[in-house]
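Two forms of the same protein chain are encoded below as structure tokens; each is given separately, as structure 1 and structure 2.
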Structure 1
Amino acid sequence: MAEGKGYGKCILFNEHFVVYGIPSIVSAISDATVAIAEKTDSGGIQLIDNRPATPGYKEEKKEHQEDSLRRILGAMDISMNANLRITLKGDLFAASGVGASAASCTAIARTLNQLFDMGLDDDRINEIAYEGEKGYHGTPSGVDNTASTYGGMIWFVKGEPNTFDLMKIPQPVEIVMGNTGTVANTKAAVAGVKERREKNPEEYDKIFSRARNIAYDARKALESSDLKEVGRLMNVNHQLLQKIEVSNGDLDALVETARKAGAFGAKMTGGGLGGYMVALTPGESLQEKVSKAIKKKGFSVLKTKIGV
């Protein structure tokens, strides 16, 4: 029997803008998916998914998950006829916006690496997790699996090749992630931005320019632990995401609730049109206060940390 872990993630700045070469800041969170693998005498390859999840999430992603597992096994030269049982569990809620698929890909790659004593390093685990992510996203950016594998905080720029720069912040910081309970359709959101940008190039160029500046200001604020400024920039980033129409009513309501409860800043995170929002809540007392305010509205929350 073997065990492997993959961290969840939170996009702090510039989801969607990242598709167009604008820097994004992404952090691993302390919640993780754990995969346990064991060899069996028969039964072929069994995948048992015991992760906590948004209702309907696992059912909706089942075909993607099966494709992902095939890709991981192929990348690791493990026969599809092997007798294996892989069980997924952990404290990362399987939902849109927290890197749930990448966390499971990383965890599976790590547990199989251990079970078969392959001796693969993190760089290779990350490559395998990326292959697994293709089953879910077609052409993933690679940022989710990188955060899931290495932890910490990442400055990411999409390009040829992609740029991954591990950032250093003084210490982990508490956040609250509020879950709309809706499984986000990231492909639809991305396609919508592309269509609207083509119709309104001048307006969108201004928005995209502001998003680029925010990324550099946010990096400076994070690395110097100026959390008030980080929060302010998160608020501005959310406004830009509203302007490109990837937020929705539930996300906006959760953002407003978090801010009124004292969060330093709050914004949607991930694909948008559902999924999660994130609030910056340094210190356990503020984290608890914001968490309670969101729960009072009838939404579930994830209390976790960035920069782990």
Structure 2
Amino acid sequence: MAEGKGYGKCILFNEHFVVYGIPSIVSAISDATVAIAEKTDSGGIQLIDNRPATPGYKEEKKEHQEDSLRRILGAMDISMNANLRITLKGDLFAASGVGASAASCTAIARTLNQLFDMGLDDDRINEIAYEGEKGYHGTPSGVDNTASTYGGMIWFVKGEPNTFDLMKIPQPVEIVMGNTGTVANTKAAVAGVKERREKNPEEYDKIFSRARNIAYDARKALESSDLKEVGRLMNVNHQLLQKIEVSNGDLDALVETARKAGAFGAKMTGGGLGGYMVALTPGESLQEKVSKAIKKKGFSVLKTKIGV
């Protein structure tokens, strides 16, 4: 029996823009998915999904998950006729926007690596998790699986090849992630941006260039612990995401609630059109206050830290 882990993640800056080569900043969160793998005598390949999840999430993602697993097995040269049981569990709540799909791909790649004694390093695990992510996203940027595999806070740039480096921030910072409870389709959200950008190239170029500047300013602010500035930049980033039409009413309402409760800044996070938002809430008492305000509106929250 073998076990592997993949971290959840929170995109702090530039989801969607990252697909077009604009730098993004992503942090792993301490919540993670764990995969257990064991060899069995018969029954083919079984995947048992025991993760806590948003209602409807697992059903919605079932086909994607099967495609993803086929891709992971293919990338690892494991026969589709093998007899294997893979069980997914862990404390990462499976929902849109927290990197649940990437965390599961990384966890599965790690557990199979251990079960078959393959001796693969993190770079190879990351590549395999990226293959798995294609089952969910089509052409993912790679930002999610990179955070899932390496942990920490990451400056990520999609390219040929993707490049990333681990950022050093002085100390971990509390965040609240509010869950709209809607399962979002990242593939469709990414396709929508592509279509609108083709129709309005000039307007989108302007928005994209502002997003690029925000990434550099945010890196500086994070590395010097200027959290007020980080929060302000998150607010601006949310505006840009609204402009490219990937936010929605629930996300905007939760962002507003968090800001009113004192969050330094708040924005949607991940694919959008549902899923999660994130609020920067340094210190446990502010974290608790913002978390309560969101819960009062009837939404569930995840209290965690970035930069751990």
Ligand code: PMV
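Under this definition, the rigid core comprises the largest set of C-alpha atoms superposing within 1.5 Å between the forms. Nothing here was measured: the structure is a model prediction, and the numbers come from that model. The first residue in the sequence of structure 1 is number 1, and each one after it adds one.
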Index of the chain form predicted on its own, chosen from the pair:
1
After superposing the rigid core, is the C-alpha displacement of residue 20 2 Å or more between the two structures?
yes
Using the rigid core as the reference frame, would you say residue 158 shifts its C-alpha by 2 Å or more between the two structures?
yes
With the core held fixed, residue 208 moves its Cα between the two structures by a number of Å equal to 2.3
